[in-house]
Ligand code: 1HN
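As structure tokens, one chain now follows by itself in the form predicted alone.
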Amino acid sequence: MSATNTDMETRLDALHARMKKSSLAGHWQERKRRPDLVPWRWKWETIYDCLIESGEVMPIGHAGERNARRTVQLINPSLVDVKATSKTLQMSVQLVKPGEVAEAHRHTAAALRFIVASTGAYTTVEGEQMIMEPGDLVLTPNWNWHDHANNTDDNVIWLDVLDVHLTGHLDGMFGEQFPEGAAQPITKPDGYSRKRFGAMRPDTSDIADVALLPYVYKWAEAEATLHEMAEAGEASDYDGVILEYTNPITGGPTMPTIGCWVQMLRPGESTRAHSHTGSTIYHAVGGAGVTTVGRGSEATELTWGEHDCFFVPSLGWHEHRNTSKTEPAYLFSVTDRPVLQALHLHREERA
């Protein structure tokens, strides 16, 4: 190295040290990369065992927090330090035992519940009692009061999905406890929102933000529609027979930060591979199959059965296969795609 180059390197080192002291850096300097998320599968048998044991040793409202829930969180191995499923979304599994009430609160993170097991328990959202049945999807939008009550003789289990990591990254996370006691008063009957926001509905101009609606999508209707579409030959080469849970007024995504989908893989069906921006967390509502993530020698096969959960990273090539020749398989999924679409960052590539 010439004397001139040596002098430049010395000066550059000194510049780096000087900038570091003032919390500055040069664009030319290397930076620490955020971890690449990995495809992953969480077996329901393990989730369930941990959840039931937590019900024996961890009460609702633990650690002195009135609104604390009893949930088992799904953690991506790349995000162990921050306890996250993805960089934006958190999926957990919640247990409410017979006779228990999860106290009412609200927060800026949007949340949803996908019901795994229930014989008639309910969630109350903004005063509306929403009876929860297996496969139902219940929305708790940003800043909506909500509480849960299990007035049955059986455990109630559901998936919790929140955009808490996105909200926290934007420094917008805060919450509030309901002031009048454990549960908010029920002022609207079950089915109120679905009737009010149907195809024929009263004037909704008085709603402050129609993108943030408390709502419940019933599994019986979703399953029936999937089969009707299959009979009509309406299917995607890349996702099988698939439905999006849309906002009933705007027709847009389920919630501004979380999109929800449900798909049916017909007996023996294999989809073609595609890749898109937006991380996706899947829950096997029923059936069994294999999802291949990645291509060639770097591909990962995620074998799943009923109630298993698995994760496909953003831009990860993926394809699904129903391993049964006689029975359909159903996958419910949540994604941060609406955020990327709103920011014009959504891209998709198909094989």
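Source: prediction; values computed, not measured. Residue indices: 1-based, along the sequence shown.
Keep in mind that the form predicted in complex with the ligand is not shown, yet the notes after this line are about it.
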Per contact check vs the ligand in the predicted bound form (non-hydrogen atom within 4.5 angstroms), the hit among 101-109, 235-243, 203-211, 254-262 is 101-109
Can you tell me whether residue 162 touches the ligand? I mean in the predicted bound form, with a 4.5 angstroms heavy atom cut-off.
yes
Quiz item: If you check in the predicted bound form, is residue 73 within 4.5 Å of the ligand, heavy atoms only?
Solution: yes
Classify residue 94 as contacting or not contacting the ligand in the predicted bound form by the rule of any non-hydrogen atom within 4.5 angstroms, answering yes or no.
yes
Determine whether any heavy atom of residue 41 comes within 4.5 Å of a heavy atom of the ligand in the predicted bound form, and answer yes or no.
no
Contacts from 122-154 to the ligand in the predicted bound form (any heavy atom within 4.5 Å), listed N to C, are 146, 148
